[in-house]
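In the block that follows, a single chain appears as C-alpha cells, in the form predicted on its own.
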C-alpha cells in the first residue's frame, strides 16, 4: 500500500500477508504508524485512490478477489460479509442522524427489511449490546451517548448482518477498564453466537493475551513476527516483539523496571538500509545494516513466522540466550 505525497512515495504497508479462519481472533499489534489500520482499511477497500495505491498483492475472501471489485460489488460485501468497528465512534457515527437512522440503513440495504422491520431489528440489536431503554435511546443522536455506549452502537451496527469477518480497530481505546472489559466480553459472546472471525487491531498486549488466538506484529509497515498468542508471549523471536513485551507494564513490577524501546520508529519516506528495526535493536549485528531479513516460516500448527537474521529463540526477558 503506497501513498503518493509531495515529498515522495510512502510505503505504508509492504510484504504483509495473513489468513483468517472462521471463529478465530487474530490480533495485530505495533506502534502507531506501523500500518495496522491501513492494512485493514485496504482489505475493506476504504483507502482513497489517489493518494493511496495498492501496488501489488491480493486480498481474497471466500475465493473472491476483492481488489477487482467495483463499488456496486463492494456494497454486497462491506457491512454484510466483512464489517468494521472504527477506532473513534464519535467520528465514525454521523452526528446529524439518529442512531435508528444509522442502524436501519445497514439492514434495509443488506437484508432487504422494510422500515418497520428494520427499526424493530435495530432495537433488538441495541438490547443485545446492553444499551438500556433501547426503544427510547434509539431515537437519540450520537452525542447523547457516553463513549462506551457509542462503542456499543458501533458494535451493534457492525454485527447487524452477522458478518463472517469483523475488523475491530482499537475498539477499547479511551474507555475505562470496566467498560473495556464489558466491550471485550460483548465481542466474545457475539463471536460465539455467530461464529464470526475477528481481526483485533490494538496496542494493548493485555487485551491480546486475553482475547486473541494468534498475533501478527507489525513494524514500519511490515510483518516482523506471527505466532500463536501462547508462543508469542512465551518465546518471542523478533527483537521488536521482545521490546514490546518488556515495555508492557505488569502487576509485579514497578515503573522503574519498565524497559522502553530506545529511539523512534523510522520515517517511511526514508527507511534505513537493511533491517528497518536495526537503529533501535539491542541485538544488532553488521549484516543487519545491509541485508533485509527474509520472513522465515517455521513448522508448526499453525506455522509461525519471524523476520530476523539472528536466532532469538532462546531469548528470555530481552536477554540473548
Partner chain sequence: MQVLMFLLKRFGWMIVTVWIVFTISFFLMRHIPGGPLNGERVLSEAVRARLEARYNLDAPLSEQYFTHLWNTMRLDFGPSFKLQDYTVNEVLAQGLPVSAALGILGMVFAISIGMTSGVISAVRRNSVYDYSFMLLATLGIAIPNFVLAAMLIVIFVFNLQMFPAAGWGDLNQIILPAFCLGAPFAGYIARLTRTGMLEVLGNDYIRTAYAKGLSPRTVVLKHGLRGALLPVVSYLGPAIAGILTGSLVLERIFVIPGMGSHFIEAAIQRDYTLAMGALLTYTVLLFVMNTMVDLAYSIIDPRVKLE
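Note that this is a predicted model, so its numbers are computed, not measured. Positions refer to the first chain, counted from 1.
Unshown form predicted together with its partner chain; subsequent notes refer to it.
Student: Report whether all of 91, 101 and 105 sit within 4.5 Å of its partner chain in the model of the complex, measuring from non-hydrogen atoms.
Tutor: Judged in the model of the complex, 91, 101 and 105 all sit within 4.5 Å of its partner chain.
Student: Of the options 210, 146, 120, 75, which one has a non-hydrogen atom that comes within 4.5 Å of its partner chain in the model of the complex?
Tutor: Among 210, 146, 120, 75, a heavy atom within 4.5 Å of its partner chain in the model of the complex occurs only for 75.
Student: Considering 46, 55, 258, 269, which brings a non-hydrogen atom within 4.5 Å of its partner chain in the model of the complex?
Tutor: Selected residue: 46.
Student: Using a 4.5 Å heavy atom cut-off, which stretch among 79-87, 226-234, 198-206, 240-248 contacts its partner chain in the model of the complex?
Tutor: Correct option: 79-87.
Student: Tell me, yes or no, whether residue 165 is in contact with its partner chain in the model of the complex, where a contact means a heavy atom of each within 4.5 Å.
Tutor: Output for residue 165 is no: heavy atoms all beyond 4.5 Å of its partner chain.
Student: May I ask you to state whether residue 157 is within 4.5 Å of its partner chain in the model of the complex, using heavy atom distances?
Tutor: Result yes; residue 157 sits at the interface with its partner chain in the model of the complex.
Student: Verify the contact flag for residue 110: yes if a non-hydrogen atom of it lies within 4.5 Å of a non-hydrogen atom of its partner chain in the model of the complex, no if not.
Tutor: Contact check for residue 110: yes, within 4.5 Å of its partner chain in the model of the complex.
Student: Heavy atoms within 4.5 Å of its partner chain in the model of the complex: does residue 141 have any?
Tutor: Judged by the heavy-atom cut-off of 4.5 Å, residue 141 is in contact with its partner chain in the model of the complex.
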